[in-house]
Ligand SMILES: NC(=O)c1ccc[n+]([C@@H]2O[C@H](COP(=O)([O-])OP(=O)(O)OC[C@H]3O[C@@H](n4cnc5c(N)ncnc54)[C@H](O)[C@@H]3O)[C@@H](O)[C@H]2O)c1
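In structure tokens, one chain follows: the form predicted alone.
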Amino acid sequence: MTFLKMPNYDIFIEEDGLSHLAKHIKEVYQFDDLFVITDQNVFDLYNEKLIQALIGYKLSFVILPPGEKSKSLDTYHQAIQTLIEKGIKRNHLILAFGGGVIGDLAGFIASTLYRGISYIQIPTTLLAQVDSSIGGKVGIDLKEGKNLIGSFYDPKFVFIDPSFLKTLSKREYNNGLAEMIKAGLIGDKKLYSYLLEHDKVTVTEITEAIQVKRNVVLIDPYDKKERMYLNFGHTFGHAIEKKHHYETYLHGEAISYGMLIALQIGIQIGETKEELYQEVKKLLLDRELVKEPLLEMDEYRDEIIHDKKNLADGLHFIIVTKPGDVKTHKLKELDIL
């Protein structure tokens, strides 16, 4: 088992480690009732294994439709109503059991219901394991944009079992690789080099990607400066998701186009070399995260106005100068018109 420590919680990474989940829960929780928020796909695949791993606990399931559209105010309200009907109390424990949508939504429910309920993250997708389950950001979407309502709320722990990845489709697996490529570009050139040559990852690479995010979060837990580096590719990525109503592109696909746009902007301002752009473009094409003709920046300018990273003094845009070397460049709206 690999163990990483955050200031307020631990991250456990273990292949086929589900049988040890009960032990970790007992260390942070004294009651028998567990409230599992999941989606229909994950429930169908893994509910029996979860029940078997947690024999001795009484599990109550809240099963939601899969997909980004579940990160909404309506679903948030419906899930809370179901939890209350099932008897949840303030000192109970919520299990966020699923991908990034479930982790973000369940974490936000935990942060707000009864002014705060304990929860744990059990991410079942590669994207959630290397990114959204780490760092304590939780939230939901509005029609105006992604993650516009949210909070910083740490779980009791994060439990990562890479064996869940065996049931992912190729597209969903590659969706997670996009965030790992981003992590390599902003903070670990060794990881980036590995991903140039390999289309499958192990516990080692998952841990390395998490370490990139962990290192940044430890420096800047509340997204004031260095944590913004994690947004490389996300300004236009979120705009792409929004414009296409969260239906056409998965998150990793959208940020892949966003990374290419960010690299193009880096070239325009003299911070990024053309060779890096071409290398990343080939990698993303090979992983089927983008396809030609590529999406163009011009199509998404209006959508970035409402991005939560567009601050009062301008858009804090993330530039990669070379793998592992990143900086923030402030763009005014006129700079992208």
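This one's a predicted model, so the numbers in the text were calculated from it and none came from an experiment. Residues carry their position along the shown sequence, with the first being 1.
Quick note: we don't show the form predicted together with the named molecule, though the next part is all about it.
Colleague: Hey, in the model of the complex, does N147 get a heavy atom within 4.5 angstroms of the named molecule?
Modeller: It does: once the named molecule is placed as it appears in the model of the complex, N147 has a heavy atom within 4.5 Å of it.
Colleague: How about D199 - does it come within 4.5 Å of the named molecule in the model of the complex, if we only consider non-hydrogen atoms?
Modeller: Output for D199 is no: heavy atoms all beyond 4.5 Å of the named molecule.
Colleague: With heavy atoms only and a cut-off of 4.5 Å, decide whether T235 touches the named molecule in the model of the complex.
Modeller: No, T235 is distant from the partner.
Colleague: With the cut-off set at 4.5 Å between non-hydrogen atoms, does V42 touch the named molecule in the model of the complex?
Modeller: V42: contacts the named molecule in the model of the complex.
Colleague: Could you tell me which of 74 to 82, 201 to 209, 110 to 118, 93 to 101 sits within 4.5 Å of the named molecule in the model of the complex, going by non-hydrogen atoms?
Modeller: Looking at the partner contacts, the answer comes out as 93 to 101.
Colleague: Going by heavy atom distances of 4.5 angstroms or less, which of L142, I267, L218, L168 would be at the interface with the named molecule in the model of the complex?
Modeller: For this set of options, the contacting one is L168.
Colleague: Consider the chain as shown here, without its partner, and state which of A128, A239, L185, A262 has a heavy atom within 4.5 Å of the named molecule in the model of the complex.
Modeller: For this set of options, the contacting one is A128.
Colleague: Pull the contact list for 257 to 291: residues with a heavy atom within 4.5 Å of the named molecule in the model of the complex, in sequence order.
Modeller: Contacts from 257 to 291: none.
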